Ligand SMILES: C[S@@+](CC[C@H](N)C(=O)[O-])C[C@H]1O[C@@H](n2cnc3c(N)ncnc32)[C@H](O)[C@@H]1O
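Single chain ahead, by itself, as structure tokens, in the form predicted on its own.
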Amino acid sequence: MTSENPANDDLRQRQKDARAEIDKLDANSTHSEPERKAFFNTVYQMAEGDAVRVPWADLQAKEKLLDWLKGHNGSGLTALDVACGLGDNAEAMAAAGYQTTGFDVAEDAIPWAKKRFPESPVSYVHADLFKLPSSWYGSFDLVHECYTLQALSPQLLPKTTEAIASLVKPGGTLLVYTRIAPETLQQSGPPWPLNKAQAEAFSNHGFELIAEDQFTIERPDRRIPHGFYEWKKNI
């Protein structure tokens, strides 16, 4: 049988091949903090400028974030995109009026994002979530986190949650976009979808849950539960 769209078939095969190569990077890994940092750096290095080889690079902002931004003008406010990757979500926040900073632990991701958006007002920075500039703590009106929590092993989750929480200004907003683990799923990864308690852990860091959107992303071979959370940091 002949494919109706050979170009799409080729793209899917390239993505599948790239994921297989990336999976090899995690072979025999204990998923410690240094190993995860090295993993992300290596993925971007191996990609050599081909976004198809970065499996989490959609090359467009998340729809849930875009919908939220429609009702939240950022004029005069600051925003931070955690693990910004190739920059699409950071660009969306900047377009909504926020003075935006995007950072990533993968050094090669930052010049790539700058190259994609040469006229961007976003400040793109190479930085480690666990070793950020002291001036960033408690400084941002909006912090956006997409897939970072689930990308680090459960043993690092408390540290990761605390680090992200510390960046939000009192009265500020935290947006979290993540996979959600069904109740019957035994955690394995990477990635590690969050269970209910993990997804709601920011309540232990002085945050109030304002809105929660549970949804499912459909793939040809699977259904992936997700959650999009809006948190407000107590004053």
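The structure displayed is predicted, hence computed values, not measured ones. Numbers follow the displayed sequence, beginning with 1.
This protein has a second form, the form predicted in complex with the ligand, left out of what is shown; the following refers to that one.
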Subject >> Heavy atom within 4.5 Å of the ligand in the predicted complex - residue from Leu77, Ile164, Ala106, Ala92 >> reply: Ala106
**OP:** Consider Phe40 of the chain shown here, and say whether it contacts the ligand in the predicted complex, taking contact as heavy atoms within 4.5 Å.
**Re:** yes
Original post:
For Val122, is any heavy atom within 4.5 Å of the ligand in the predicted complex, or not?
Top reply: no
Subject >> Residue contact check: Cys146 to the ligand in the predicted complex, 4.5 Å heavy atom >> reply: yes
Subject >> Tyr137, heavy atom within 4.5 angstroms of the ligand in the predicted complex >> reply: no
Original post:
in the predicted complex, do Tyr44, Gly85 and Leu152 all put a heavy atom within 4.5 Å of the ligand?
Top reply: yes
Subject >> the ligand in the predicted complex: contacting segment from 164 to 172, 205 to 213, 192 to 200, 32 to 40, heavy atom within 4.5 Å >> reply: 32 to 40
Subject >> Any residue of 53 to 74 that, in the predicted complex, places a heavy atom within 4.5 Å of the ligand >> reply: Trp56
